[in-house]
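First comes one chain, alone, set out as structure tokens in the form predicted on its own.
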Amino acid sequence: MMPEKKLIIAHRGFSAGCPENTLAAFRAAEKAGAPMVELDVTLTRDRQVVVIHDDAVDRTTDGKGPVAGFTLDELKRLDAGAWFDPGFSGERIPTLIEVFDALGKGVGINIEIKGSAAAPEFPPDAVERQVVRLAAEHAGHRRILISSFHWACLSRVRELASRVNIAVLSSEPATADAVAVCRGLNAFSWHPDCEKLDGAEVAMMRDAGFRVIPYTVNDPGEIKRFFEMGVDGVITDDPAAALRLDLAAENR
């Protein structure tokens, strides 16, 4: 029997070769054959859903200051590519809608909600409400995963959408509590820190009925080790390398 194909998720797009969380990175991941891309979302000052990892623009643009201090129009004036390589000058911070529009319908999207964007009062334009609505309006038939380290966000997502696929992000090793959280959310998958993952945890989570997809695995030897450990996929900066390893495993 052929081994089951792994779910290779391109971390912030093909971020090994392109500026992370840009349309260039997402298109490169699609071109490489990645079945899914991962991205991070937060809110601008005027409450628009944009794709950027950090709470501030300093590291990945030519601007300075918190994302929440900019309107969408102001963010769109920043260069989000030149920091990585001059050849990517002119790349902009995309909106979530722009990513949906840029990718083919066969490419899944793992949307990570940044906990810093969540508001305890859960207003009508809360980030969770907007992400669920935009996914419903723009996803088409593609696979969508909504993930967060902020599990309260995921509880709100589940309240809003009973059938959406939820991925529980964790920076800590798996415990019985992790299983309980995943069960309470009716999660699709558990996404642990690869540095803290071992075979016993993979077995425990999979026996409980949850897919295990660690982040961020870039070393080919480590990718192969995790595949042999029984994970269901990996989140990686270099989806092309991971896809080659998965194909090699299938052909053995």
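On a predicted model such as this, the values are computed, not experimentally measured, just so you know. Numbers for residues come from their place in the sequence shown, where the first is 1.
As for the form predicted together with ligand G3P, it is not shown, yet the points below apply to it.
**Student:** Quick check for you: of 128-136, 109-117, 91-99, 70-78, which stretch puts a non-hydrogen atom within 4.5 Å of ligand G3P in the predicted complex?
**Tutor:** Of the stretches listed, the one contacting the partner is 109-117.
**Student:** Can any non-hydrogen atom of A25 be found within 4.5 angstroms of ligand G3P in the predicted complex?
**Tutor:** Residue-level check for A25: no, no contact with ligand G3P.
**Student:** So, E30 and ligand G3P: in the predicted complex, are they within 4.5 Å at any heavy atom pair?
**Tutor:** Judged by the heavy-atom cut-off of 4.5 Å, E30 is well away from ligand G3P in the predicted complex.
**Student:** State yes or no: in the predicted complex, is some non-hydrogen atom of R47 no more than 4.5 angstroms from a non-hydrogen atom of ligand G3P?
**Tutor:** Because no heavy atom of R47 falls inside 4.5 Å of ligand G3P in the predicted complex, the answer is no.
**Student:** With heavy atoms only and a cut-off of 4.5 Å, decide whether F227 touches ligand G3P in the predicted complex.
**Tutor:** No, F227 stays farther than 4.5 Å from ligand G3P in the predicted complex.
**Student:** Decide yes or no: are I144, W190 and R211 jointly within 4.5 Å of ligand G3P in the predicted complex, with each residue judged by its heavy atoms?
**Tutor:** Contact check failed for every one of I144, W190 and R211.
**Student:** For the stretch 38-65, which residues lie within 4.5 Å of ligand G3P in the predicted complex by non-hydrogen atom distance?
**Tutor:** The stretch 38-65, when checked against ligand G3P in the predicted complex, contributes E38, D40, H53 at the 4.5 Å heavy-atom cut-off.
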